[in-house]
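Form predicted alone, single chain, as structure tokens, below.
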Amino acid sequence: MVKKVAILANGGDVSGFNAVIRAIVKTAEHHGVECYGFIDGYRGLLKNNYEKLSSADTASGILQKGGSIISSSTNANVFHYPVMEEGKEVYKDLSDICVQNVKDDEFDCVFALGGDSTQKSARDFSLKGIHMIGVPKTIDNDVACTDITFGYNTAVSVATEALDRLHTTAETHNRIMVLEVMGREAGWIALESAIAGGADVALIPEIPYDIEKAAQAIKDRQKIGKNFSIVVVSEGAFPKGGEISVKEEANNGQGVINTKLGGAGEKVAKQLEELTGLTARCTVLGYLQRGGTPTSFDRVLSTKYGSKAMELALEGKFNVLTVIKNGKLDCVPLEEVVGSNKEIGAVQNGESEGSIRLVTMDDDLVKTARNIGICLGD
């Protein structure tokens, strides 16, 4: 019988973290269950740093707030964690410390709010005997086995507003305005915001682009008197036969996602300017997509996810991920979520591990984009 549970938020910030936390806490309290939060994600689990959560104080008034009241850690794979030994940084598996902490604290279940890497660690902990329940979070919308992740809708809304604003400048000055949005391996944000924001070109990681095709789409607009264009570029988009644009690599690529992307939008803007003769400018939306107040959609989605997660715990359904399938709440085993990435402690490695939900060419968004004349660079 579940009497005491803990929550951890892990990975990059998204709008909706607090709404999920609030829903778990309120549902727990409704059933007489104590709720706690590990501070700073898996790092807090390692340090055994946690606090009591209550809808009367710590978890009160947080539905509309961005961020996470229990913080969130990035680059914190406790199965492959950096430690200093004799003045040198080495990586060690410290997961057993976390397991002992959970047992000592007498937590019956730990809720892991996060994306693919977070859920990979949740699955690994489940194999070590800890009851885990995942909640799918990421603005990239690329967690496997679910139709949508919390935080995504807010990110798309921010990108769409940015496109609305760029439209006026593009039209006023007869320019190509390029907006670079997040999306390392999945182009959901770029594709959906392009449709919502009336973009003319959308370049996503799933479709290696031909810059000549994008330029021709802009030239075709010029022929009908449209001397401006809007282009959306995922940060992970790359040309046919080319590579993704990397800004820098930290720790020689060790740890969790130490390759920082950057420059995809600038590259596209420069090439389009050369090919079309129109002035091109690039805006990198960056972290603006992650922060701030969640949309009403994300508030409701996050609340549904949090409530469902606690419901699953009460039913004794552990080691699963809460998901939305065909518009309905459900759950799937964490084993399905990690795909073929079965090695305990292994860092997520995208599509090759079968653990990331990518845009497919038969998706309705792709068909819609093509039907209304958005050039996808192919």
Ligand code: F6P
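Since this is a predicted model, take the numbers as computed values, not measurements. Quick note: we count residues from 1 along the sequence shown, nothing fancier.
One more form of this protein, predicted in complex with this ligand, exists but is not displayed; see below.
In the predicted bound form, this ligand sits within 4.5 Å of a heavy atom of I139. Although the partner is absent here, R184 lies within 4.5 Å of this ligand in the predicted bound form, judged by heavy atoms. Although the partner is absent here, R175 lies well away from this ligand in the predicted bound form, with no heavy atom inside 4.5 Å. Contact check for T74: a heavy atom falls within 4.5 Å of this ligand in the predicted bound form.
Relative to this ligand in the predicted bound form, residues E235, K260 and R290 are all within 4.5 Å by at least one heavy atom. Proximity to this ligand in the predicted bound form, taken as heavy atoms within 4.5 Å, picks out 139 to 147 from the listed stretches 126 to 134, 220 to 228, 139 to 147, 190 to 198.
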